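Starting off, we have a lone chain in the form predicted alone, written out as structure tokens.
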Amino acid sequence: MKKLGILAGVAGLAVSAVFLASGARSADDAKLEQLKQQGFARVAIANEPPYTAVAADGKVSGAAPDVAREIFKRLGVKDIVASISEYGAMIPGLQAGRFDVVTAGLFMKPERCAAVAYSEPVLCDAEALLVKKGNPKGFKSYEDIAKDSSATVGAPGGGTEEKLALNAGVPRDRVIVVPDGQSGLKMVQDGRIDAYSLPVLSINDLVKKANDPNLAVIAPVVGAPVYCDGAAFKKGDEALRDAYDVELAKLKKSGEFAKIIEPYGFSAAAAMSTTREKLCSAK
């Protein structure tokens, strides 16, 4: 009888474990079901072509939203609805539930990987500096800007470029937070900052549209790493992230991924050459 009692107890624990696991899966899967029912996913973007862009009619495009839109369609979520946000506000907004996912060129770093659940890599790029023609101060790196006591550099608030400049020794009062690319370009043109920093493709897009022969691009910035982003999900939404990763892998394997991002200038091979695990553990 004692043996039977022990077996019954073990069986009861096993059944409880099954129900607990099932409940956890149901809770995780509820997020995707919610998105399917509402018919869209709320995404945070930065309006920074070619990563993200918003047309005059409100249409959201750019490499990151285009990938997200296709993947969500495959998951049964009809569309995406975008909100423009500063980089520094994206993760807090995600954590507060104002967005369902960030698709904005939010590069993976260990501290960000600790705060959000990233997908596998989507877009990879290096850093660049926008300066006046001839690069009058001879900048090749953030350290060069730090060494020039009169030099100022503009960067998105809370973005990678701001942190790289500060880490290179540029004083806080000489790192100017710039709200968007057009403002940064205008500030360089007007001489209000000596350089403006963004990823290479973003800077090239700005210069192409400006068609100003008095501007020059320094790329890549010497000593700055190459970064990759991924779609960023709220911690606790790992089941949604995992479902996203499954479809992302299918896109990459079929060649559809390259067809989406390469017209914007990004390399599918670069994104497929690394992993979330490597990028999140990089020093």
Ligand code: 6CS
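Keep in mind it's a predicted model, so treat the numbers as computed, not measured. One rule holds for the numbers: they count along the sequence shown, beginning at 1.
Although not depicted, the form predicted in complex with the named molecule is the subject of the following passage.
The stretch from 72-80, 98-106, 138-146, 169-177 that comes within 4.5 Å of the named molecule in the model of the complex, counting heavy atoms only, is 98-106. Mapping the unseen interface onto this chain, Y51 counts among the residues with a heavy atom inside 4.5 Å of the named molecule in the model of the complex.
Residue contact with the named molecule in the model of the complex: L198 places a heavy atom within 4.5 Å of it. In the model of the complex, at least one heavy atom of T160 sits within 4.5 Å of a heavy atom of the named molecule.
Of the heavy atoms in P156, some are within 4.5 Å of the named molecule in the model of the complex. The partner is not shown here, but in the model of the complex the stretch 75-91 reaches within 4.5 angstroms of the named molecule through a heavy atom at Y87 alone.
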